[in-house]
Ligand SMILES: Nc1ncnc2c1ncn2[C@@H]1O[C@H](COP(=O)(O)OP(=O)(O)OP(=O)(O)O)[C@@H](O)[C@H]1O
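First, one chain by itself in structure tokens, the form predicted alone.
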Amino acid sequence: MQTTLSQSPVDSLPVRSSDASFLRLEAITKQYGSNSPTVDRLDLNLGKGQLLGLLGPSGCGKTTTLRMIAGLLPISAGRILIGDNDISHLPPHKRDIGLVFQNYALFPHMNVGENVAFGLTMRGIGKRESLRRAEEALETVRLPGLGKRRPKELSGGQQQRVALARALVIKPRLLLLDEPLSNLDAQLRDQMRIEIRDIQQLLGITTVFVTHDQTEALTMCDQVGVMYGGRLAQLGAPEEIYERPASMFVAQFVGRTNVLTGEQVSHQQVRIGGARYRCSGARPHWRGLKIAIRPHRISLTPNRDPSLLSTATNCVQGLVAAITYIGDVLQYEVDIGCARIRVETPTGSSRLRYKVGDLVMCEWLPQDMLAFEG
């Protein structure tokens, strides 16, 4: 099993370097008075042209980090660099950054073209040239010919794209997105995730994207930084974050997981309840043991003699206690005696379904058990 050991969600992590490092945060801190830091000595390197998602629960410091990069909040300590330029104390309008707010912040008294051209006008570009560039930006976000409309005449998705065009029209070195999809309905969010990623890759613009939605982070980003308590709990590619979480916090926050309490038996075995399971990665000196197993990594099969099952898998008998239909997934609650575990299976007309009260076998691979101290 591939397991990353961690004493807490925010143990010190090595800073990932990149030959093409473009955005660098060096121990940036935000502290109000004598309170605990909102952002605590955050280090981060982001390569040119990459999209980074800052993911975490409310109050973890992700939006504060974004606002410090943008210059909307002063840093208490540390440095922010774009390329070789230290922008730590520059005012926002001198940082060459495009910013899209959660509520879009469009001016209702201006038409769409004037909204998009606003940043150019503030930079002293003539009106005719500003509107020409604004129309080019609207074409980039797939809104050609809508420059004369008012923001209130647009749908939520169109307003979001206008806000994106306004951020891009100044041709910034860095693009910051502060939960830009949170006000959209589910179907439109799916569409806009694809469109924003396509535009970001087309332009090759380095981007930082703040979200509390794990689906957005995993599907859109080159790198994901999971934040907790003002620090990075883990930084890595989406697959690494999901498959090899550095702590139980990351395992629970990114994706759904069962959490079981166990104890170490040997280097290759753990005990959960009265049964032993193969699971490498735990350490004998740990004070306690927590096991995480993703619900969709557990398979349900009809109850039978365990000796007939594959020796390559772990198994336990259980009783189906509850079933929830979620469209493309059936979620089973299975009582295994010492705990209840969730098992998720795809729905399908030909797939065997179980009923409440059925005895079943739960099977999973040893490498799908993630072990953490706890």
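Keep in mind it's a predicted model, so treat the numbers as computed, not measured. Numbers for residues come from their place in the sequence shown, where the first is 1.
Below: the form predicted together with the named molecule, not depicted.
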Of these, 61 to 69, 328 to 336, 45 to 53, 309 to 317, which stretch puts a heavy atom within 4.5 angstroms of the named molecule in the predicted complex?
61 to 69
Listed residue (E179, E243, E195, D222) with a non-hydrogen atom within 4.5 angstroms of the named molecule in the predicted complex
E179
Can you work out which of H296, R133, R278, H212 has a heavy atom no more than 4.5 Å from the named molecule in the predicted complex?
H212
Closest heavy atom of P57 to the named molecule in the predicted complex, within 4.5 Å or not?
yes
Contact test in the predicted complex: T38 vs the named molecule, heavy atoms, 4.5 Å
yes
